[in-house]
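Shown here is one chain on its own, the form predicted on its own, set out as structure tokens.
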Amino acid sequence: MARQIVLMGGTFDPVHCGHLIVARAAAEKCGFDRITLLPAGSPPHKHSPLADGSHRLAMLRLAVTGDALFEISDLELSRTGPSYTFDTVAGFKTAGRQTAVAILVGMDMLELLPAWHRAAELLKIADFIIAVRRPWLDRMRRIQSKLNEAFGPRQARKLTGRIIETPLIDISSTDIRSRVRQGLPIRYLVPQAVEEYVLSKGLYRSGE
């Protein structure tokens, strides 16, 4: 049986407790024993991260130290140019030819999927797991219509065939960076080791 890799990508600028809670909820509901966290190098659909890749990678490692659920890949950080998901999945499949790849994404990223690089080809080489938070049904119906137009009804149904509800955790990296700039505490929003790293390295004191 082919080994399956479950990828959860993001800028992780910084990684916060919401990321980890959603990942664990997905693992529990889908029966995954490992999830690979994948910090983006140069995300094509977002502004460039404020923290250097080496810092974001270090924070991820600190956040999941001792947790057997997670492993971390620096594949996108080690590449030049935009961090296209198609290239990432192709890289994992080249490294292990019998590897099945699933990508864990939220509803926001799902809505953007038709604009992704080589999106139709990506759907042929990877499965998707869609993490949603209530209320989500009406919005998903609207997104489904867009996916039907972009990929056809059959592919769209396959794409949205694995939807999981995750806890409503209202934490964002943007808000965390803002709090750091204002000198406000970020305890309980990020793992303690990440909080200590951010403060010791002087990250996010200026910028966005």
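Remember, it's a predicted structure, so these values are computed and weren't measured experimentally. Numbers follow the displayed sequence, beginning with 1.
The form predicted together with ligand ATP exists for this protein as well; it is not shown, and the discussion that follows is about that form.
Comparing 171 to 179, 27 to 35, 141 to 149, 155 to 163 against ligand ATP in the predicted complex, the single stretch with non-hydrogen atoms within 4.5 angstroms of it is 171 to 179. When ligand ATP is considered in the predicted complex, Pro191 lies well away from it, no heavy atom lying within 4.5 Å. Ligand ATP is not shown here, and in the predicted complex it never comes within 4.5 Å of any heavy atom of Val198. With a 4.5 Å cutoff on heavy atoms, Lys93 does not count as touching ligand ATP in the predicted complex; it lies far away. Proximity of Ile186 to ligand ATP in the predicted complex falls outside the 4.5 Å heavy atom cutoff. With the partner omitted here, the residue from Val105, Leu113, Leu122, Val101 that has a non-hydrogen atom within 4.5 angstroms of ligand ATP in the predicted complex is Val105. Shown here without its partner, the chain carries Ala58, Ala63 and Phe70, none of which come within 4.5 Å of ligand ATP in the predicted complex through any heavy atom. The partner is not shown here, but in the predicted complex the stretch 13 to 33 reaches within 4.5 angstroms of ligand ATP through a heavy atom at His16, Gly18, His19, Val22.
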